[in-house]
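Coming up is one lone chain in structure tokens, specifically the form predicted on its own.
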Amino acid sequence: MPRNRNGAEVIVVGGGAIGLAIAREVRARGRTVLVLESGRAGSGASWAAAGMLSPLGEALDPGPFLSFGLESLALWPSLAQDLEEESGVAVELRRSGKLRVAFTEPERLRLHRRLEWAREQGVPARWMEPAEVTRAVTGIGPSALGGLLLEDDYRVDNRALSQALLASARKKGAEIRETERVRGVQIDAGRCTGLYLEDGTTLEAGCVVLAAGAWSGRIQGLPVAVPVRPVRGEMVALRPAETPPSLILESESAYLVPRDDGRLLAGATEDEVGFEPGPSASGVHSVLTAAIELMPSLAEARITETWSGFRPGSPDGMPILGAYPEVDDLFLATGHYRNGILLTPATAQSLADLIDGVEPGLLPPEFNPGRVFASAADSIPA
């Protein structure tokens, strides 16, 4: 892949956790890399996340997402250690475990099915009866019918993570340009040759990676726009009067993620409102209501922050990872929805492999972008 005077061998559009991790990995393999971020690096969905690393808790079935998530989770301890050494930023990776609590009989049955998946996948998990749940977590809802303990779930401080990735990528030699708005891609004779910016500047590239999250669908110049949509999530940070549980707690309506500083992050809504910013009064009310149902003692907690972000949703709920159909040197890394932080390590390795022309060992074929463009395949030029 030739070097280019006006750009880089690899240009990554998007400076969230996914884009920065890809840039860091690509640069570590010896290529010049440029990241273009429309705002501040790590200020989008990566900043708004809760930092749960829970493959089995997030999976809809024991399929490709669960497999990829478990592979990515296994990469997290080494990534966190490397980032802390390279950046000096503590990312607060903790093997906290997660307790998913059932409050109705249908919920209890669904959690027992997840326990079966865990056993099939070799994931450490066990069922906790109601008395054990209430002993383990002071203040849990008294109507709990039991809970599924996922013992190997982790959490990470996603905001610190973004800063660590930014510092590490720069230390390795990646160029990061913030407040740089990309308008579209340049495609010549079936190959992506670069980008054009909002101010009219054009940049040449050996290849381009679109990792702009929910904004990936706004990139112009493509035969067919990337089919991702924004799904707003609203969250609340709480400071309980008593020491919060060290476990991540979750019901079918809410989750509570502890931080080392004593806060609990409560979330989250899923609103199809386009790019309408939040948080909204109704969204915050919804989050607080569900959080207090899960842990009634939170009714006395102090609210320290509210915020929102836009998750990148795909048509089938799975990530869109790989080559754009029928356009050479153009790759997609988007559609992670609410699991971008979890999938960051495996996504970075997989995209770097594809750029190197190597078959990614971790990447499920079900994530191939061709599936979401299939209905418009005839309109994509050869």
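Just so it is clear, the structure is predicted and the values come from calculations on it, not from any experiment. We number the residues from 1 along the sequence you see.
Separately, the form predicted together with a small molecule exists; it is not shown, and the next lines address it.
By the 4.5 Å heavy atom rule, the three marked residues V13, L36 and L342 all count as contacting the small molecule in the model of the complex. Of the heavy atoms in G147, none are within 4.5 Å of the small molecule in the model of the complex. Though the partner is left out of this view, K172 does not reach within 4.5 Å of the small molecule in the model of the complex, counting heavy atoms only. Using a 4.5 angstroms threshold between heavy atoms, L56 stays clear of the small molecule in the model of the complex. G213 belongs to the set of residues with a heavy atom inside 4.5 Å of the small molecule in the model of the complex. The chain is drawn here without the small molecule; in the model of the complex, the stretch among 353-361, 333-341, 319-327, 24-32 whose residues come within 4.5 Å of it by any heavy atom is 333-341. When you look in the model of the complex, the only residue of L249, I140, A118, M235 with a non-hydrogen atom within 4.5 Å of the small molecule is M235. Interface residue among E204, E92, E180, E84, judged by heavy atoms within 4.5 Å of the small molecule in the model of the complex: E180.
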